[in-house]
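So this first bit is one chain, no partners, the form predicted alone, shown in structure tokens.
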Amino acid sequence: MNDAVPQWSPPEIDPTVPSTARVYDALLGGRDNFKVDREAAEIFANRIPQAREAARLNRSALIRGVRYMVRRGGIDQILDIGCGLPTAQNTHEAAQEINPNARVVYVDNDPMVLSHGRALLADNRTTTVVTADLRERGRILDHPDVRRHLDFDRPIGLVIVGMIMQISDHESPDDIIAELMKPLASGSHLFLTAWPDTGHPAQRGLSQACLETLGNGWIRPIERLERHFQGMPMVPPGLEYVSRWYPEEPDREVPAVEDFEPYERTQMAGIAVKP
């Protein structure tokens, strides 16, 4: 974890400014981060002592959702926006473990993600990574690599995990999601995670840490989060806390919210299907 910018790093990287992807990497115990990112991770840990568990919980939701879409939903092409740095298991690995022909396009605005992704995926012909911001929906949808890898005449799994809380209300997150879903074929899936606001201190602490270090990270009432799914039919169990969210096993016995550790109240997940 060298705090100097490695020679292979893109010149746009500023090691004095924390990035979402690198702070998340630091929370997960990764090596692709700088001192400023680890300092931000410590702020998270001070605000919410189980911040690292919360990061791992978010990752577990990603893998669960991808497996559901590929195995049960029949999705064989995925657009993962805000993918972050490669870690223990990634979207393409979870998808291609079930369907080796599944195609994945990663999108992230951190140049380090692009650099790592290209190195990791050099020999993977069904997966690619492009640089864009979630707010740049036109750039994403029209990007030649996106169009080359994904067939928009067939269902696509749109993955927005750990990202929508970074979009403020004045930036209209629901409009962003609607525009991304509009050109996708019937049967496409929308999979996202979000931060609820039910008044619990851990939720406030996570939001405060993110706002302090990264300048974003908004919690929202559950009924507000439900609107992210555009009124589309939800896969059981619907929008649910990650520790209770098992789309492949909707009847699985799950813990009561009252028995949760504080960090387990900070994240919810859901999948909706476009009619």
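All figures in this text were calculated on a predicted structure; none of them were measured in a lab. From 1 onward, residues are counted along the sequence shown.
Missing here is the form predicted in complex with a small molecule; even so, the following discussion is about that form.
- Just one of 146, 202, 167, 184 comes within 4.5 Å of the small molecule in the predicted bound form, counting any heavy atom, and that one is 167.
- Proximity to the small molecule in the predicted bound form, defined as a heavy atom within 4.5 Å, singles out one entry of 114, 94, 158, 134, which is 134.
- In the predicted bound form, the small molecule sits within 4.5 Å of a heavy atom of residue 83.
- Taking non-hydrogen atoms only, residue 62 approaches the small molecule to within 4.5 angstroms in the predicted bound form.
- A residue is said to contact a partner when one of its heavy atoms sits within 4.5 Å of a partner heavy atom; residue 128 fails this definition for the small molecule in the predicted bound form, lying far away.
- In the predicted bound form, the small molecule sits beyond 4.5 Å of every heavy atom of residue 208.
- Heavy atoms within 4.5 Å of the small molecule in the predicted bound form are found in one stretch of 34 to 42, 243 to 251, 230 to 238, 51 to 59, which is 51 to 59.
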